[in-house]
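Next up: just one chain, as structure tokens, the form predicted alone.
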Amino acid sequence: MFEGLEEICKVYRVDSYAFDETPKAVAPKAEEFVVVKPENALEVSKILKFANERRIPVFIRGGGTGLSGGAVPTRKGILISTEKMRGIEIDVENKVAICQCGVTLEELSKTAEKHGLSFPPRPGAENATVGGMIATNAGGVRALKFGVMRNYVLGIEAVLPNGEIIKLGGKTLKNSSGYSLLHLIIGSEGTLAVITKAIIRLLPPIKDISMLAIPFITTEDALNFAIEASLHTVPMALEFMDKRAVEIGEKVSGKKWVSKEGEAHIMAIFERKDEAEEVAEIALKFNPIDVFILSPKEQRDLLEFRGKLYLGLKDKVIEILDVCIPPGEIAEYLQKSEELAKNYGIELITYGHLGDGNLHQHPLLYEDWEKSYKKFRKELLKLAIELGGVISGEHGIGVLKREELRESYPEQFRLMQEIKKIFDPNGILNPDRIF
């Protein structure tokens, strides 16, 4: 099957590429695969031509930080690792970074800062790659103020399944030149083309950060506060954790949250001190246990606390659900999702990006979960849609939510299939993702 591939590039067999960060309970099983590590678009082109002529499935892997099985080779085939595609340069005058797809979020951020600029969103883990973040249209904690990956991608270089190299967009903020194929590729989860390079918009540096930690007696008070606060200012982040998430965060991080009391806890981050002070005053109207304005050290501790939540749950959860709900409907969603979980005997731990409505819900493993969990998930995702939400805010469909995507959005799904056929008529590129 792979005969002749070594004439194009070096071939590796690496078992550690058989999984990503998807929880083990629902992670797809990898099939036999070989790994290739191209260094540029031309090498990717040769690999795809080889595979397309022989109808060999091709999978793409960035940092392996995905949570929907997107980087797992689910058929016998070739896995393209982008780890050697790490070139980056900064165009200061045009405030953009031109970087290959394997550049990590950490590398992008630090390189921008060295040139007096910044990449303010935090759309993934520090070792998440530019290609992976674009492929999933990643969001993260700062999406409320700074948007998602789509808002920063001005141009891309990509390779089609037949090996053709295309360039879309450029260094301009505006582009009304026909259909936006650029934005079609963003969020396509590697099913249409292999992203090899991107032009990323940069901003002036963030000069100051202020943070509040606010525990509330009830979830209702916390949600009402969040809505009111967002009418007066736009925080960089507005994070929510239920009481159980706080308890787990303390165990895994070794850091103490500001209070053990209260059902709901808010962490709010601002660019300016006066914004934080204004919101602190607003919080006092909604029965907080207290309002804590954090010192720089406390900020670092609680950011570490928040960042390690998943580590504390990783081996205990079935999966991470990431519905996105309109902010005004979050209270109803949380109430009904808890009722639904109780009906199934499921413990559901919730935290997430409250400001933009992207909630991360962790159903914990329970005895014989395989018999009833799938039905629970269908009902939960249906509830999200009924309240005007979507079934994935930032993790993507991957291999986990394909059935729900097809059932929930039949017309959109049909159009997506037609688009897939145009780009990839032989169906070699990232099969089993989305469809």
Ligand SMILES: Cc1cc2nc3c(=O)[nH]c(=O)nc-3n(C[C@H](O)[C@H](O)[C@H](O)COP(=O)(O)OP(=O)(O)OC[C@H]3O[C@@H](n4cnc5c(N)ncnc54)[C@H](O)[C@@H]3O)c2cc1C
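Residue indices: 1-based, along the sequence shown. Given the structure is predicted, the values throughout are model-derived calculations rather than measurements.
One more form of this protein should be noted, the form predicted in complex with the ligand, which is absent from this view; the next part is about it.
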Notebook entry, point to check: Of 82, 210, 337, 361, which residue is found within 4.5 angstroms of the ligand in the model of the complex when only non-hydrogen atoms are counted?
Noted result: 82
Notebook entry, point to check: Just one of 45, 65, 408, 52 has a heavy atom within 4.5 angstroms of the ligand in the model of the complex, so which one?
Noted result: 65
Note to self: Let me test this: is every residue among 132, 140 and 310 within 4.5 Å of the ligand in the model of the complex, going by heavy atom positions?
What the structure shows: yes
Note to self: Looking at 189-197, 295-303, 278-286, 174-182, which stretch has residues with any non-hydrogen atom within 4.5 Å of the ligand in the model of the complex?
What the structure shows: 189-197
Note to self: Is it the case that residue 249, even though its partner is missing from this view, gets within 4.5 Å of the ligand in the model of the complex, heavy atoms only?
What the structure shows: no
Margin query: Check residue 122 for me: does it contact the ligand in the model of the complex (non-hydrogen atoms, 4.5 angstroms)?
Written below: yes
Check: Is the gap between residue 395 and the ligand in the model of the complex 4.5 Å or less for some heavy atom pair?
Finding: yes
Next item on the list: Could you confirm whether residue 424 comes within 4.5 Å of the ligand in the model of the complex, counting heavy atoms only?
Entry: no
Check: Which residues, if any, of 357-371 lie within 4.5 Å of the ligand in the model of the complex when only heavy atoms count?
Finding: none
